[in-house]
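The data below hold one chain only, encoded as structure tokens and taken in the form predicted alone.
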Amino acid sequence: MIWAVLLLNGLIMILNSKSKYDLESTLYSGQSFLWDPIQDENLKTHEVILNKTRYRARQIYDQVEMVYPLHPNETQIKVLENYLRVDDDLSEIYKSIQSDNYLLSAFNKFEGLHLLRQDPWECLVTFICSSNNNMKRIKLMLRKLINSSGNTLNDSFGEYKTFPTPSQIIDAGEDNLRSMGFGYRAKYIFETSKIILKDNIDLKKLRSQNYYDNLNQLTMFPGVGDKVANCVMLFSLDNLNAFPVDVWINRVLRETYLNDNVNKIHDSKLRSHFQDYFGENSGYINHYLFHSRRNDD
């Protein structure tokens, strides 16, 4: 449900989430690198480009407000609502982990952290960039890519750039990616773009496929291993049982859940073991574990 509140400076849409929503934790928890914080009327506002439109959102107490476009049409409202996954009922996940003290602590610390439903192409490129990388550098690389290859559009705030399509990346060339510091990832992104165009792959259609079909499809792309594929499935393809295992997840699983069995499960088996252990909400649980453990250091 969405309510519209008429203010002097225009129409502000209040997005009504089924569960408590922590906007800042959600946007900057390591699942997206395309949001930018801006200062707007002494309030922290967050900006992103979705479906070629500039969006701005902010949090006022327990409400998430869509503050731009000022007069959104129904489609634009649905785009942001769908992206932020406001319909996810986190209370069902909370109920499933009542006996897990570590998870309870993580959920209480970041209550309202939601997964995002990102564009699969943007998410795929993002997590190819994440290989042996840190969040600050990933964001810088993506900003260079967008500024170099994306389309230029205008709204009342001025010019902005859209995320480049596979064809735009191919037109710009692999050397263009290397010149921006993508290193060995340049070949992966360039070759993946070629495959998507050659085979006419619509990544959004993967949302109708099951976890293992998507895993097989995504790991066919250059530079996409199990971890990257699980990130893309979790953050863009609605496979909420996806379970990416990076250094932080590996650490928290071995510190907290394996104990004396620390050496009895090989790294390559952690993902499948804990998908079974945590069940159908393993993806949500994974991201709470990731964000909580990363913030402990």
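Residues carry their position along the shown sequence, with the first being 1. Because the structure is predicted, anything quoted here is derived from the model rather than measured.
The form predicted in complex with the DNA is left out here; the points below concern that form.
J.: Look up in the predicted bound form whether Gly173 has a non-hydrogen atom within 4.5 angstroms of the DNA, and give yes or no.
T.: Close contact is absent here: in the predicted bound form, Gly173 is far from the DNA, nothing within 4.5 Å, heavy atoms only.
J.: Could you tell me if Gly158 has a non-hydrogen atom within 4.5 Å of the DNA in the predicted bound form?
T.: No, Gly158 is distant from the partner.
J.: Please tell me whether any heavy atom belonging to Lys139 falls inside 4.5 Å of a heavy atom of the DNA, as the geometry stands in the predicted bound form.
T.: Contact with the DNA, no.
J.: If we define contact as a non-hydrogen atom of the residue within 4.5 angstroms of the partner, is Tyr212 a contact of the DNA in the predicted bound form?
T.: Heavy-atom contact with the DNA at 4.5 Å: absent for Tyr212.
J.: Which single stretch, out of 114-122, 68-76, 90-98, 179-187, brings residue heavy atoms within 4.5 Å of the DNA in the predicted bound form?
T.: So the stretch in question is 179-187.
J.: If the cut-off is 4.5 angstroms on heavy atoms, which of these, Phe221, Tyr83, Phe163, Phe107, is the one near the DNA in the predicted bound form?
T.: Going through each option in turn, the one that passes is Phe221.
J.: Taking 4.5 Å between heavy atoms as the contact cutoff, choose which of Trp248, Tyr257, Tyr55, Trp35 touches the DNA in the predicted bound form.
T.: By the 4.5 Å criterion, the partner-contacting residue is Trp248.
J.: Taking the DNA as it sits in the predicted bound form, which residues of 223-239 have a non-hydrogen atom within 4.5 Å of it? Please list them.
T.: Contacts from 223-239: Gly223, Val224, Gly225, Asp226, Lys227, Val228.
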